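Shown below, as structure tokens, is a lone chain in the form predicted alone; questions about how it binds or moves come after it.
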């Protein structure tokens, strides 16, 4: 019960911080909207390639942009941890009896809230551009769930890196170093079957691919649920491992001060 109450408190703190800066959500949507609108127009004829597997590029692209946006949004979650470190707020939490996983969990819930808002906006814009979602509302909800499941481990790792590196510049560099390759080594913009063979092999072990595969599948009218649940399982395991690592980063931070 104590862990739950601490998590609720930390979540409420993070949500209050988010409410004070609502423009944060708008600013983080600029890049994905550019991808959605410009790439959706630029590559709309790529579906004519044999083996692409979709009749509409905007329908293909929209779930990918939802997943990509969630990942990048989560990747910057550690910036607030650095801010708390600089202002001495985290030190006050660490000398209190607050549950350590609750500190991470509160940030993950705040990140998930942002991702839900972002995802709804992107899906709506994709629909305006002509994207179709045969899976209906249930499929859209499951797509957002997949986005959150991908975002959770990256948000946790971002906070873990913040605790270890303690500098915004270092965290930004590390986040870009990890997330950009993962994005382009996944089927966000291109069908997996049309990638070079070595890239296809790499994408099989890419968490971004797991989320995109599950997210696109749930939007189909005849979704392969066994495929979906297997990818969801991979993401859940990845999330648990990441949260454990992020929580242990508190020890590394405390040993360094």
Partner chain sequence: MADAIIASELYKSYPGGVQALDGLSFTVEEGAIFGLLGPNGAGKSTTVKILTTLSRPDRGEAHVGGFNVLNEAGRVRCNIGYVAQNTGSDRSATGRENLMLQGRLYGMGGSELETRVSQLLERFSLKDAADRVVHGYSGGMVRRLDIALGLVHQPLVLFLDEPTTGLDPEARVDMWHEISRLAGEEKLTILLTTHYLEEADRLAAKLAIVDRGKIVAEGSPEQLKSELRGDALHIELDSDQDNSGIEVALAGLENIREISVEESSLHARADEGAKAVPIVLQALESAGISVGSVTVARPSLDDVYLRHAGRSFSRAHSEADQEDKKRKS
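These numbers come from a predicted model, not from an experiment. Numbering follows the first chain given and starts at 1.
The next section is about a form of this same protein that is not shown, the form predicted together with the partner chain.
Engineer: Quick one: 9, 86 and 93 and the partner chain in the predicted bound form, is every residue within 4.5 Å by at least one heavy atom?
Structural biologist: The answer is yes; 9, 86 and 93 each reach the partner chain.
Engineer: Please pick out the stretch from 123-131, 98-106, 141-149, 154-162 that is in contact with the partner chain in the predicted bound form, where contact means heavy atoms within 4.5 Å.
Structural biologist: Going by heavy atoms within 4.5 Å, the stretch is 98-106.
Engineer: For residue 13, is any heavy atom within 4.5 Å of the partner chain in the predicted bound form, or not?
Structural biologist: Heavy-atom contact with the partner chain at 4.5 Å: present for residue 13.
Engineer: Given a 4.5 Å distance limit between heavy atoms, list every residue of 20-42 close to the partner chain in the predicted bound form, or none if there are none.
Structural biologist: If the 4.5 Å heavy-atom criterion is applied to the partner chain in the predicted bound form, 20-42 yields only 20.
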